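Shown next as structure tokens: one chain only, the form predicted alone.
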């Protein structure tokens, strides 16, 4: 019988969901969807100091905005649903304690009484001697009497897992192949803290096993944790899942992706006006490719083609230029009515939603080919709904040119009588005006545009004038002339 594929994204709620975490979420979601399996969201909140409810909310909002639905996990910041509930680790402490007690009873874990100062000293000496800064196993072989004496002195203890000291632990990674870790270079990691709570490395093993995870797909920063986790699986008599460690994401300058390369949080990309579909498509290509070197994918395409074999070992480079190109492509493919709904938050913020003036559908369609970000839409169309704000350079160069005032007043009179006030008759009448006055096209077309929009660039002129309507156009021509 084939085992149903189960993947998970298990963030620590200590901040926003960043690009690396978003890609990990997407890959787990794609892999589960392709194999008709389950995708689970689990909150790993064992860092009591840094974990916050706000971070949980931000992570859930980010994953929802990306359109990556989960089959089991949190419904909101505190409650969840699914056969393996709860999906918040700090609500599962009794489960972890049971397996902790088992490991201690079987001699596979031990109490460590070393203080922070002692541990710092071990690290300092190791660095001086150019050795890996690992715990030297000071408390590993304490007798029951020695432990009793230390506890009588009021010494607090953590609990460490006993790593094997001989041989090697092999991680059979779906992306990197077989990776070998010498056991004598690994340390006995802490699985239970002095504050009487479990650690990440312990909890994730237990949860991944009990929740039936078949694949653990995560960032390569977790690769160094994997040999210890595999040994915990073995100590508990369990078979590890299949691991896949994704390559690092770099900025265009070759350094690790960070704030200086632009936004890194998913919600920042949302607020800048990127489409969720763009982010799904772009993130999918950040370390994965298919044999056809395809760039633009529907969701169905991505789901049917995504595999772990296509994931690369070498770092991926985050390229904002490519992201913007892709967003522009998807905006152009989006029907105008749908685009208006997507742009609604930006239009509301700019005071354009429900503003008096031409129909939004016609106005937004006018510049459909130019938008790269939803956030650009209000700036490109606001002159249809707000009083003209003149670009100082345009005003000086175009409207203060010799004869510009007469052109504006003459056009205002000519267009006042024009019926119907539509693109083709407008073009014919304005060109006729150019001929009658013995002028060049630029001497008329440029002043019209600057007078009606305040700018030297914009949509196709005659259709723009039609959409503005006769009253607005004539009044703006006169107003601009009055300022000269």
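Positions refer to the first chain, counted from 1. For clarity, every value in this text was computed on a predicted model and none was experimentally measured.
Keep in mind that the form predicted together with a small molecule is missing from the display, and what follows is about it.
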### Task
Could you check which residue among 346, 200, 384, 318 gets a heavy atom within 4.5 Å of the small molecule in the model of the complex?
200
### Summary
the small molecule in the model of the complex has a heavy atom of only one listed residue within 4.5 Å, and of 464, 10, 474, 19 that residue is 10
### Message
With the partner left out here, check for me: in the model of the complex, does some heavy atom of residue 218 sit within 4.5 Å of the small molecule?
### Response
yes
### Message
Can you tell me if residue 38 lies within 4.5 angstroms of the small molecule in the model of the complex, counting non-hydrogen atoms only?
### Response
no
### Message
Within 4.5 Å, heavy atoms only: does residue 138 come near the small molecule in the model of the complex?
### Response
no
### Task
Spell out, yes or no, whether the shortest heavy atom distance between residue 176 and the small molecule in the model of the complex is within 4.5 Å.
no
### Query
in the model of the complex, which of the stretches 218 to 226, 399 to 407, 334 to 342, 117 to 125 has residues with heavy atoms within 4.5 Å of the small molecule?
218 to 226
